[in-house]
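One chain comes next, on its own, written as structure tokens: the form predicted on its own.
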């Protein structure tokens, strides 16, 4: 094994959390190495499909079913995956994992520098005090070691850098952010907002809060509504590692990025009780390399970071590094996500909407806020939209030909509206990931196995989402309403969380209140694996705030040699 240069800090992973860790560590003066298992992607230059027409592709962006079934049988379930974005995603044949076919779990992941920050949904919402107290109040999972007041300033710090468009609403269950101007409602969405306010006293609708610019911000241009966000954004209008955090880290002159670097395990020194090195396999040459540092930040994703910890076994930690509690890998969570209700609102056919607005509407949680109202615990929100339908919604099942049929296809359809429910998942010991004892990947690293199942609480919540979604759409004048209680396999929301949770007690949690391993002082974990509960809002903003907060703590601890 080659021994390589020593760094002040090593960051494993370059996605949303990894980019933030690198930015903060370098700006505080540390020499930092990023290890990324995927291939390099350069901002602008490597967005090779960004503005290509679908006619430029072999099957006009229709799936290559034989290829997908053979090599992308998991990733094809990602809403952002297509022939236009396949080059950003993991090849499932080359990088497999294992799960029970009767209880599947989707591990949807990128395989490039920047990770899923290139293809994420960009919706950003703060957790509330209600969320941080939830576990303690209903006794599911362990209590968070922090409260909203501990993180609110870090939310602001992050938001001022990334740029968040949205509307302040002064709701306790959905704290406001540091907003850029909000995107505008369509005509029918404004009508819906008014109707909801008229018919309900417990719910409201606002524009989605998203990490997309509505005015120039930190050297990046505002969004011009061109539409193909998942292919990359040369104007840097949406937040990604490539457009924002990595350039800031590079600007310090203290960042080294090494792609094609698969982290195998961490080396632990029982004398100092610290990690001393990171063992890496070069993805191309299969050469093994040891990098050393004083500090390690694991930001390789909920599953990736915990896989590394579980594989870093030693005499002191026979069940995985920093796993004296025995909970590492457990309490895996995701959000339930799916169309709950959709319909058509007649009229207003003289109006249309402008461009491809990369954002929707949001109805914040309104159940179980101040008292328990339902048979299920916690709550849900709706992300939605209201826009003119096109031929895919109006003519897909119709037959015809000729000039009149073609002209009819080109006419705007009626106003379609939809509500997609996002529900909170309870943290449960029975939902877990572990390492296989019989299967390894192409690098000889044990494959990940999943055991995940939705509980009755999530299933009952999905039923309520459809019922209340119907009530909202009816109040807004919708017709032809279709309802769904379908629930996807775990991982389908791409909001996997837990497996190395934060907590006050080292006997029941992996990380302390600053994302620092209870057992190993110089290792911090700040991606989704740190989450103690899931809330019902998109979690990426919380990962960013926790990362910035953890770096501030780590650098202060480093100055005292973690004494």
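None of these values were measured; they are calculated from a predicted model. Numbering follows the first chain given and starts at 1.
Below, we refer to the form predicted in complex with a small molecule, which is not included among the displayed structures.
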(request) Assess the spot marked by 85, 333 and 531: is the small molecule within 4.5 Å of a heavy atom from every one of these residues in the predicted complex? (result) no
(message) Is it the case that residue 151, even though its partner is missing from this view, gets within 4.5 Å of the small molecule in the predicted complex, heavy atoms only?
(response) no
(message) I'd like to know if residue 117 sits close to the small molecule in the predicted complex, meaning any non-hydrogen atom pair within 4.5 angstroms.
(response) yes
(message) Although the partner isn't part of this model, could you tell me whether residue 501 comes within 4.5 Å of the small molecule in the predicted complex, counting any heavy atom of the residue?
(response) no
(message) Just checking whether residue 111 would be counted as a contact of the small molecule in the predicted complex - the rule being heavy atoms within 4.5 angstroms.
(response) yes
(request) Quick one: find which of 163-171, 372-380, 302-310, 92-100 has residues within 4.5 Å of the small molecule in the predicted complex by heavy atom distance. (result) 302-310
(message) Looking at 509, 515, 538, 26 here, can you tell me which has any non-hydrogen atom within 4.5 angstroms of the small molecule in the predicted complex?
(response) 538
(request) Check each of 78, 214, 128, 368 and return the one that places a heavy atom within 4.5 angstroms of the small molecule in the predicted complex. (result) 78
